[in-house]
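Heads up, the chain below is alone and in the form predicted alone; it's given as structure tokens.
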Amino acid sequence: MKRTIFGNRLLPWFLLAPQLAVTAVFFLWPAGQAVWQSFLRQDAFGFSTTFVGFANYGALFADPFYRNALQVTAVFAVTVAALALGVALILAVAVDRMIRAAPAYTTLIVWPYAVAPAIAGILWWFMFNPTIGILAYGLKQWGYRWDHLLDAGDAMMLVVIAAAWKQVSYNFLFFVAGLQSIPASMREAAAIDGAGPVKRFFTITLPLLTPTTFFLLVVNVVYAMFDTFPVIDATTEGGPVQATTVLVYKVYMDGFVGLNLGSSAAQSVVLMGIVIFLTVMQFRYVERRVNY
């Protein structure tokens, strides 16, 4: 493999400087501020600040509402990632089998990705509204009385569907690209050997899609942890009875609404640590099953 050699040793640093500056200003500095803030406690009026060490973390894990948010986040993240990946893969396989209508089909499926998360949440809130929602009306005709304002299960289903729907388009694009990169000769050879469509998918297509699936798994977990805040805020606001209060939403409620900055900073540090831990575990153990 040919290596690129720079004649000037400073040139690589100049080329990296813009990205390093963006990373330092928009990630490292705010992260450092959050870590420092997590060791402090302010009075109710914000006039005095006291260094309390790890007291904020101790109070955090002793709080039953925070432990509930951890459980809700685990269920929410796993469900959103599984649903978004599964639906996107099914749609991508359908497009891969089409010839003439594939471009139009792809364009229609990609459109939801252009919708802002808060707008996506409002759209699904209207459709599932117990009073005027068309989907709630349809469920009522089948004998199920939908009410996400009172029922915790309905509320969780609403935010999961809205968040997954927003992410399906992103996953779909990568799955389509991954399917189109698989040589047709491999599937044709399997068909000649007598393998049916289902067997060809699980023995040829799915193993060769593992790099794409692994990448999307990491992206979807991060998405469920951080980028779903607008969906939850626009639909359930963490209710009912904190049934849909995920970690990122609790950070907002405690920090910006409750003005408990020390606890909010500690929660953000824990959330960042959880995401880093999950990402490392995925790269260490899940990637072993990836066929490059």
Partner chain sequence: MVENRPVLDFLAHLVLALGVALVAFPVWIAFVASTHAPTRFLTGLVPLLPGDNLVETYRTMLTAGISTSGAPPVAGMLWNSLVMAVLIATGKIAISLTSAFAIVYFRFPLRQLAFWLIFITLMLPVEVRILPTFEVVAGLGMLNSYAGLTVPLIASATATFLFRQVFLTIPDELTEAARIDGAGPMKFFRDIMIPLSRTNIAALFVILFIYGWNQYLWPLLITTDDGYYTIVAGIKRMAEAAESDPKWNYIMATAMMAMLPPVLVVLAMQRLFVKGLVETEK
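We call the rigid core the largest set of C-alpha positions that still match within 1.5 Å between the two forms. Numbering follows the first chain given and starts at 1. What you see is a predicted model; the values in this text were computed from it and never measured.
Form predicted together with the partner chain: not shown, discussed below.
Q: Is every one of Y66, A82 and W146 within 4.5 Å of the partner chain in the model of the complex, counting heavy atoms?
A: No, the candidate spot makes no contact with the partner chain.
Q: Identify, from the list A59, L28, V52, L70, the residue with a heavy atom within 4.5 Å of the partner chain in the model of the complex.
A: If I apply the 4.5 Å criterion carefully, the residue I get is L28.
Q: Name the single residue among A191, A74, A152, L206 that comes within 4.5 Å of the partner chain in the model of the complex, judging by heavy atoms.
A: None of the other options qualify; the answer is A191.
Q: Looking in the model of the complex, any heavy atom of P197 within 4.5 Å of the partner chain?
A: Contact check for P197: yes, within 4.5 Å of the partner chain in the model of the complex.
Q: Does A234 reach the partner chain in the model of the complex if we count a contact as any heavy atom within 4.5 Å?
A: Answer yes; at least one heavy atom of A234 falls within 4.5 Å of the partner chain in the model of the complex.
Q: Contact with the partner chain in the model of the complex for W142, defined as at least one heavy atom pair within 4.5 Å: yes or no?
A: Result no; W142 lies far from the partner chain in the model of the complex.
Q: So in the model of the complex, is the partner chain close enough to Y252 to count as touching (4.5 Å, heavy atoms)?
A: Answer yes; at least one heavy atom of Y252 falls within 4.5 Å of the partner chain in the model of the complex.
Q: Quick check for you: of 152-160, 168-176, 74-82, 206-214, which stretch puts a non-hydrogen atom within 4.5 Å of the partner chain in the model of the complex?
A: It is the stretch 168-176.
Q: Using a 4.5 Å cut-off on heavy atoms, which residues of 11-38 contact the partner chain in the model of the complex?
A: In sequence order, L11, P12, W13, L15, L16, P18, Q19, L20, V22, T23, V25, F26, F27, L28, W29, P30, A31, Q33, A34, Q37 come within 4.5 Å of the partner.
Q: Is P240 one of the residues whose C-alpha moves 2 Å or more between the shown form and the other one after the core fit?
A: Comparing forms between the shown form and the other one, the P240 CA shifts below 2 Å.
Q: Rigid core fitted, then: does Q33 show a CA shift of 2 angstroms or greater between the shown form and the other one?
A: It does shift by 2 Å or more.
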